[in-house]
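Just one chain follows, in the form predicted on its own, and it is written as structure tokens.
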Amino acid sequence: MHHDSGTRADALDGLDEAILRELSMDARASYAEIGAVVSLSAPAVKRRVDRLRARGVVRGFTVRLDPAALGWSTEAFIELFCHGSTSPATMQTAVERYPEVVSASTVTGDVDLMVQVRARDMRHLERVVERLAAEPFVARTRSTIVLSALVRRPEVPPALAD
């Protein structure tokens, strides 16, 4: 079987995967610090990171915030059931307007859209749910409030997580 190694994730070698793991845990780590963990020189790590960026595997570097420390202590998953056949683009345009929306995905099953939200408190969450339910394409909603977040991972595919 022939694989195009230009952009395929399966073309990553063990060193690339180790570098990605380190970057996902601390994007501010220096190339020397990463190199010490993966047994490469800082210039070799830089070359690999540059290649990963050029291939689009690494899209950027960011900070991970603690929502609770910022006053956003309530989290919920809101299922949206839509009228008729609402396009994903229509759903996306609507939910992107909400700063409380952390993520939104079309899903299989009876639900059309799964929305993850963060709010300051229950009253704030209630207002967000009411606003989402009032969107013209929404027939009904169902909410699930998060009690405890048991696993949170950076955006690293399972194949890289070992």
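What you see is a predicted model, and the numbers here were worked out from it, not measured in a lab. The numbering used is simple: start at 1 and walk along the sequence shown.
As for the form predicted together with the DNA, it is not shown, yet the points below apply to it.
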Do A11 and the DNA share at least one heavy atom pair within 4.5 Å in the model of the complex?
no
Non-hydrogen atom contact A44 with the DNA in the model of the complex at 4.5 angstroms
yes
R118 within 4.5 Å of the DNA in the model of the complex, heavy atoms
no
Applying a 4.5 Å heavy atom distance criterion, does M25 contact the DNA in the model of the complex?
no
Please determine, with the chain shown alone, which of 132-140, 102-110, 35-43, 60-68 has non-hydrogen atoms within 4.5 Å of the DNA in the model of the complex.
35-43
Sequence-ordered residues of 107-143 touching the DNA in the model of the complex, heavy atom within 4.5 Å
none
